[in-house]
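Take a look at this one chain, the form predicted alone, written out in structure tokens.
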Amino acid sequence: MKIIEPHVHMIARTVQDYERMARMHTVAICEPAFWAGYDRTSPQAFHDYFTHISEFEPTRAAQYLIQHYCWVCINPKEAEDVGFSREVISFIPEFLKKPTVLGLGEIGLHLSTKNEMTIFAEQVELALKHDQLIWIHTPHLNDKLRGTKLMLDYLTGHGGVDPDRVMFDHMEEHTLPLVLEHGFWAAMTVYPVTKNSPQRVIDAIETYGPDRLVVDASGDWGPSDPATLHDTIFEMRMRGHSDKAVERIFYNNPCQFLRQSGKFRLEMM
């Protein structure tokens, strides 16, 4: 069985994580741009960061027979400064030309402020202009529902956004049906503290079905573990789901979404 990890921050992980993931049959991973644990001091720091995830991380992954892809953007947590964000946005197009960059992500909201919405909208427009996929970060915990609704309202009212080319990440029980009923893709994140457990993820799959659903582990600087993706696979199999059903969620579904970029090299099974 082959596995695709749709959202993991390998810049925060060691090579031992690559090795573990390879041993657990992971054949491709995708790394969205995210907060570094501190606000970056200059737009150039983002340029260096995008260079790192688009050029260096693929070489680390290749040592373990894993294909590495990434997304670039100004992340929601640092989008409050509109002027700073626009400087970063100005050089994003040069990275969209790189062979491993799949699109704009993870754009979205943190505190759901007016400035964050402004930068979210500008990055959506950039993605549309360059015919790019979009990967969306939804806010944590208490603000998740409000932030998700704000972004859904913008996207559905836009008129030029194809829902099939947009992934909403960090979905939970109270936001998942909203996203799915509007035709967007939804990703559920397995995380030890602030997001889903393997049990909650499989409950959701059993409730809403497998269409346009993917699962990720989102390994990063904090308490997290790429292996939680495989804990979720184990939970699904223990409940009696077939290998074909597991393969759909953890390989074919992400492959179907990601292949729309034209750069994702794996084939559906």
Partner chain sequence: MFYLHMRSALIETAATFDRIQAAEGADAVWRDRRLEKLREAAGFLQSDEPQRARRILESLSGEGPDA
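Numbering follows the first chain given and starts at 1. Bear in mind that the values here come from a model prediction, so they are computed numbers and not experimental data.
What comes next is about the form predicted in complex with its partner chain, which does not appear here.
Only one of Arg237, Arg200, Arg40, His47 comes within 4.5 Å of its partner chain in the model of the complex through a heavy atom, and that residue is Arg200.
By the criterion of a heavy atom within 4.5 Å, Lys195 is counted among the residues contacting its partner chain in the model of the complex. For the chain shown alone, Asn142 is a contact residue for its partner chain in the model of the complex, at least one non-hydrogen atom being within 4.5 angstroms.
Just one listed stretch, out of 187-195, 128-136, 115-123, 156-164, contacts its partner chain in the model of the complex at the 4.5 Å heavy atom level, and that stretch is 187-195. Of the residues in 71-93, none comes within 4.5 Å of its partner chain in the model of the complex through any heavy atom.
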